[in-house]
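Quick setup: the structure tokens below cover two forms of a single protein chain, split into structure 1 and structure 2.
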Structure 1
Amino acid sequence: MNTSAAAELDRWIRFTPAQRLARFAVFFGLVAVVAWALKTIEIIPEFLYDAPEQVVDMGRRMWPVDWAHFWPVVWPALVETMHIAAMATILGLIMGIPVGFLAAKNATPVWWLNAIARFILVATRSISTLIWALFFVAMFGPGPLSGALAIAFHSIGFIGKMFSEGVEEANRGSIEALQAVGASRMQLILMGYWPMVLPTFWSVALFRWDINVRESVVLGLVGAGGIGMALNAAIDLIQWDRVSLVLFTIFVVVILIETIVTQIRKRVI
């Protein structure tokens, strides 16, 4: 074998021809999808060209901030937002924890109950909070009740899924010991599974409350109460100095809640 042939055999090839063809096909498909999407959404280039000017103009309108608007309007809306998030978290835990136990195969060894519970978890989690809000606004009218119920029903899927996974990962030895002394199903849950999933409870409750505060802000845009309604009203009235106040308030509240939740998790969990 000559030297050039040996060098050719020793040359390392990262991808085979079939792999290179597959990579090219994937890349071509992604480019085609992006091009199709751009054509479908009909981007108007003229709007993109003057976007920087529009941003600067809006920034000028948002300054100075209308701080006098905080106490009479923004503060009550912020308190309402916190109440919505707290009530939604409590209702979500009340409804989500039992469904989570029913979805856990070791805690509820009945296949049809597991199937129903998992269907509830998937169904409530797959429907967006905004869709839930529109549904409850149509049913109960605009206000904080609709927002709290929308977030609570959406929270069932998240809370229940986390609890079912925590229950299924529980130490089997402790459960078998309770079964050996004749513990009932409720006693197994209260004295066996619950102490082991208690850290999961606090973690899920705090994390979900943090998420619910953010979601309650957005739901106000569809009439579900809270500070989002104050933001939507300011935008509709083109009061940009008040819009900046609401946005600044939301930013500060989110940072504070994130800090508080982190500190509580360090001490409790």
Structure 2
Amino acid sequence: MNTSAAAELDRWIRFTPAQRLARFAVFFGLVAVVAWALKTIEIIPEFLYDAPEQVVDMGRRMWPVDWAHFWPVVWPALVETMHIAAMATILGLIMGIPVGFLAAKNATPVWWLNAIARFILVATRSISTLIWALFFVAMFGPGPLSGALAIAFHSIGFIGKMFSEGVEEANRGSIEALQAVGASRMQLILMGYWPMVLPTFWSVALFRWDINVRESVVLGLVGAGGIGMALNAAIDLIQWDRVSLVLFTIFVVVILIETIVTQIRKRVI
């Protein structure tokens, strides 16, 4: 026993052969993909060498910031952005939560409903805000309504996913207790699952609101309202001192909102 152990002690292998193979496969795959990407991607070297100069030039034109532009143009656009983000969050919750319940295997024990719900979650998330915005601008015309709808639809995936995970982690015991007294499926959801995922609801709502403010900044680029309109206009007119004003405003607002969200989370949730 001792001698055989001693012979085996000669080498130390950190991973089993299967683990090593899997790791090697992943690393190899990564290297191959990166090599392929680097080799075939179209980058014009002159642009790359030129970049630092261009950035410095841009920075110079951004200064001094055109503060006078803030109250007449940037402020109203900012307020519109905030409205869009708030409406989109509410709409997103209204649409996302039911899908989330449908995607949760314990709340909806019907496999094809789960599958459809899961597809909706992935699909809405895969289509980015800007593409949703293109849709809704085509449907409802330019303006904040299209923007709010775009962000609401894009957030269905995130909200629904978080919710279905929250629901699936819910305590089985209290659900069974409700089933035992003969609660209907709707009652189960409203009285059993909903109170249990209420904390999830608040944290998802806050978290998504924070994200939605950031997202709604870009809507203006395709005409769907908000501060992005001001940015787009300034860029189109090559008014770099106004571009820097808008960027600065975005920066401050985003940090402010993140601070608010963190504080609320710390104190309430």
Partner chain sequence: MTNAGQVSRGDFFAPSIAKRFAYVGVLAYLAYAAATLGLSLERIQQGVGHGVRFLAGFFPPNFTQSDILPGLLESLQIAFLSSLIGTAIAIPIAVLAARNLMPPWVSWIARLVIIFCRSFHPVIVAIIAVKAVGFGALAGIIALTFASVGFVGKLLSEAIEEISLKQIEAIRATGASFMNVIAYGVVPQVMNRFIGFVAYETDSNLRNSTMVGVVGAGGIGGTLFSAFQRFDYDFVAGIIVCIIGLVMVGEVLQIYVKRVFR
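Note that the rigid core is defined as the largest set of C-alphas that superpose within 1.5 Å between two forms. Each residue is numbered by where it sits in the sequence of structure 1, with counting from 1. On a predicted model such as this, the values are computed, not experimentally measured, just so you know.
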property	result
Structure number, where the criterion is the form predicted together with the partner chain	2
I255 C-alpha shift between structures 1 and 2 of 2 Å or more, rigid core reference	no
C-alpha of D236 off by 2 Å or more between structures 1 and 2 on rigid core	no
Core-aligned Cα shift of A32 between structures 1 and 2, given in Å	7.0
